[in-house]
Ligand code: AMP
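Okay, here we've got a single chain as structure tokens, the form predicted on its own, with questions on binding and movement later.
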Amino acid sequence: MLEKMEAIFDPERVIEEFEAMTKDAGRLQKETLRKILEQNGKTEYLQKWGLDGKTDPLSFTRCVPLVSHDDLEPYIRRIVEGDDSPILTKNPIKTISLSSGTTQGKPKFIPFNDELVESTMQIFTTSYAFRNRLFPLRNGKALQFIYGSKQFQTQGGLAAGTATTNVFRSPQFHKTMKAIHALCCSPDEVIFGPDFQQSLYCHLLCGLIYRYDVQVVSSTFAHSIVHAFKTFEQVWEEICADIRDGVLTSRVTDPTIRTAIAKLLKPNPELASLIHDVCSGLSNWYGLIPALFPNAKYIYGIMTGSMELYVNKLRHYAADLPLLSADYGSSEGWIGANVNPCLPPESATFAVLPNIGYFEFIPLKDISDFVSSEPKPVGMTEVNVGEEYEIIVTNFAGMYRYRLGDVVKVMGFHNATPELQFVCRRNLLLNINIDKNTEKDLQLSVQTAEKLLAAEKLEVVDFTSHVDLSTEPGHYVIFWEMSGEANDEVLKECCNCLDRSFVDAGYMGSRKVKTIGPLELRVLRRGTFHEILDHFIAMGGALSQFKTPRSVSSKNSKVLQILCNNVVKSYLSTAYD
């Protein structure tokens, strides 16, 4: 499909191919598994499990066990160290992706190959084709807040970088963007700049230079878009000066970025005055994005899961401009495309592409199934609407029956392929006694308590949690950073509300009999989560891949230390006294 697309991109043809593929999802799943096993059947890992050339789903699931990343880590470590024998894949792995590392405190190494790039482009073009039906783009530009962190060489000589960096550096990515006429405003020197703050500033500047051409504002995650326009609030006058004089600010020091921007930036006093008038006329920056980019048609990025917190702030900047949630995947590989772009981010669903991997689903009919020792997966076409599952992935990059750790709900079917809604991360469980609260439970609790701040015209900027077992009994700690200061009475009630909003029976019962202690709300100094972001960038991460960890364990000691060092107020719940 990509070869055809490079010549001319026909969205309707892409949709026709998708429709045909999803009508035949069951057969394609078997065919995809057969291709994966035929291609990689001679690898050390698969030979270990005695498949003996079998490629059918029944033999595969009987012979090959379910695994986590820890199970595959020894094999991946050998690849990273330079062993190019067929360990997980027939063809040697030449590139390694790094996961964000925000949850565990260190990134995971994940094999990356051309097949993952191909599936990325397929997901991208599929969802773009459906978006194009609603919001056709005509020779416009995209203001993309994307950042390619540096690649480095592993001790075995492999190129390593974030998954987004590996995609952005691939020739297929540039060909795809060119084919759909949505070229990024910023030159590559900005995308791959060595300092993300300099790159961010120049993304904003380039977007304003092409102000009338911008039809899409996007980033990998909603957080990056919100962060970009929060930054704009601080630097807009400096950007206006750059545009007026045609000279880039001295804050951008990288010579390659300065040279690239010099080719675009010319004195334009009229544009500078216009932007100054726009910004001066806004009330609390409401509607900033359409005011700056009058021809923008939508805002695009991942807005589900841990990104839901930023949707309200994004709506503030967007006013009536539609928010469209991007596709569903992970560092290990892609799963589904958003083919219902009219749905709001909170209701976004993702249709599984049956030819990019083999997918299994562990039913989770009860919260106890989250820790079940004997999961029994079902096939992709055997799932039931309305039920929740954990996803198992087998793909062309050496992930075999890999427990991704995501919990999804089946919302329906697109032809014969399921449409999934992301629920939470399976391994993010707040648990002390018999309580089991998920990331979604935490988010709902914070959203409920945040409503008490509305009268104060305040909002929660960001939040995370921690299970504190240093006291007896243990208790939940919620860290949050606010947009301003609230009085003690309001914060005490917020703390009680947080405690009451965890409605898991195990939690409520444990609180009543005092086997779990009072919830603690710790209010953070302004800028704390920016400090965590800086720490993440210093670890080699890219801003476009950053996700605030919603639960911080003692293993992630550096992030926990940053949080604890920035606490300005602390409150204990009296909700169960």
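Note that residue numbering begins at 1 and tracks the sequence as displayed. The model shown is predicted, which means the values in this text are computed figures rather than measured ones.
Another form exists, predicted in complex with this ligand; not displayed. Remarks below refer to it.
Contact annotation: residue 425 falls within 4.5 Å of this ligand in the predicted complex, judged by heavy atom distances. Contact between residue 206 and this ligand in the predicted complex is not found at the 4.5 Å heavy atom cutoff.
Contact between residue 215 and this ligand in the predicted complex is not found at the 4.5 Å heavy atom cutoff. For residue 329, a non-hydrogen atom is located within 4.5 Å of this ligand in the predicted complex, even though that partner is not displayed. The stretch that touches this ligand in the predicted complex, counting heavy atoms within 4.5 Å, is 399 to 407, out of 468 to 476, 245 to 253, 399 to 407, 231 to 239.
Across the proposed site, 221, 350 and 547 without exception bring a heavy atom within 4.5 Å of this ligand in the predicted complex. A single residue from the set 496, 95, 304, 437 has any heavy atom within 4.5 angstroms of this ligand in the predicted complex; that residue is 304. Residues of 487 to 511 that come within 4.5 Å of this ligand in the predicted complex, judged by any heavy atom, do not exist; none qualify.
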